[in-house]
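The form predicted on its own is given below as one chain in structure tokens.
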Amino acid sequence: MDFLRPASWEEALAAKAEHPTAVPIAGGTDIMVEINFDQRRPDVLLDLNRIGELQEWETGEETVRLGASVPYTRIMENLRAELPGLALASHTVASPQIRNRGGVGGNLGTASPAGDAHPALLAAGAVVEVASVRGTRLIPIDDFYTGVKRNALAPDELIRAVHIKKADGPQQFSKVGTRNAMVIAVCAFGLALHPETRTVRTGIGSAAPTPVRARPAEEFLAAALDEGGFWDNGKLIPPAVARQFAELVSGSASPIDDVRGSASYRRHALGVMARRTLGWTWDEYRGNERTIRCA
């Protein structure tokens, strides 16, 4: 196994172009486990830890540009207001040691449907910045996952950053597992309300071949909030609306039976999480509305 350690982003892209099968390593929280258990033996490892820009973030007027290797701990500590859904998801990632090393770029690179960051990124409508010696391109998160542990990266491309709009409304994340953290999700769910556009976005993890959105549930809830005037009046959402939303979320999944849980349990759990996260986000939205009206 060859080990490459570029000192700059340009060197990293050149190395990836010369060795398209090279596996990038930054936090190493996934690939090193596979190597240690002899489940994977790459020909080339491409160490990105010397590239400082991958561990930096920029907060613009409307968007956060998050370097691919920004550790989950820094997201939790510094970006809770701007990226609340991703910050909540970061809390559930493995152990403190892993949260100090792992970043969103690793989740995106491995594209495991159980990755904790995926539901939050889908709900927030993130855009993935990837690059090669041929140039840079932006991939909407909806187009990034192409199959089981497969993504839209070309062989010579590396993930450089993720662009995420600052939250304009409440966001939530929920995960089912045997513990709060240090566990692979049985299933996970992210929800974001976007009052500026009066839209709803969701993200489902570990309950389909890829991370997915519950689009029928989003469309139903956005229409129900609009038709009932809820965005403006801030009234409680009727239980029937919450139940229908939960059913549509469950129906959007295509889970399997495995050692962590059955398909039927995953569908049930997603429905419960959908109702709960809707309640949490709407309570927060109503609180914000009252503050605005009283100001």
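Numbers follow the displayed sequence, beginning with 1. The structure presented is a predicted model; accordingly, all values stated were derived computationally and were not measured.
This protein has a second form, the form predicted in complex with a small molecule, left out of what is shown; the following refers to that one.
The candidate spot formed by I141, A188 and I256 is out of contact with the small molecule in the model of the complex: none of the three has a heavy atom within 4.5 Å. Residue in contact with the small molecule in the model of the complex (any heavy atom within 4.5 Å), chosen from S132, T199, T73, T92: T92. Among L48, V64, A246, A269, the residue placing a heavy atom within 4.5 Å of the small molecule in the model of the complex is L48. The stretch that touches the small molecule in the model of the complex, counting heavy atoms within 4.5 Å, is 113-121, out of 220-228, 113-121, 162-170, 133-141.
Although the partner is absent here, A17 lies well away from the small molecule in the model of the complex, with no heavy atom inside 4.5 Å.
Looking at G102, you'd find a heavy atom of it within 4.5 angstroms of the small molecule in the model of the complex.
Interface membership of G106, defined by any non-hydrogen atom within 4.5 Å of the small molecule in the model of the complex, is confirmed. Not displayed here, the small molecule is approached by T29 to within 4.5 Å at the level of heavy atoms in the model of the complex.
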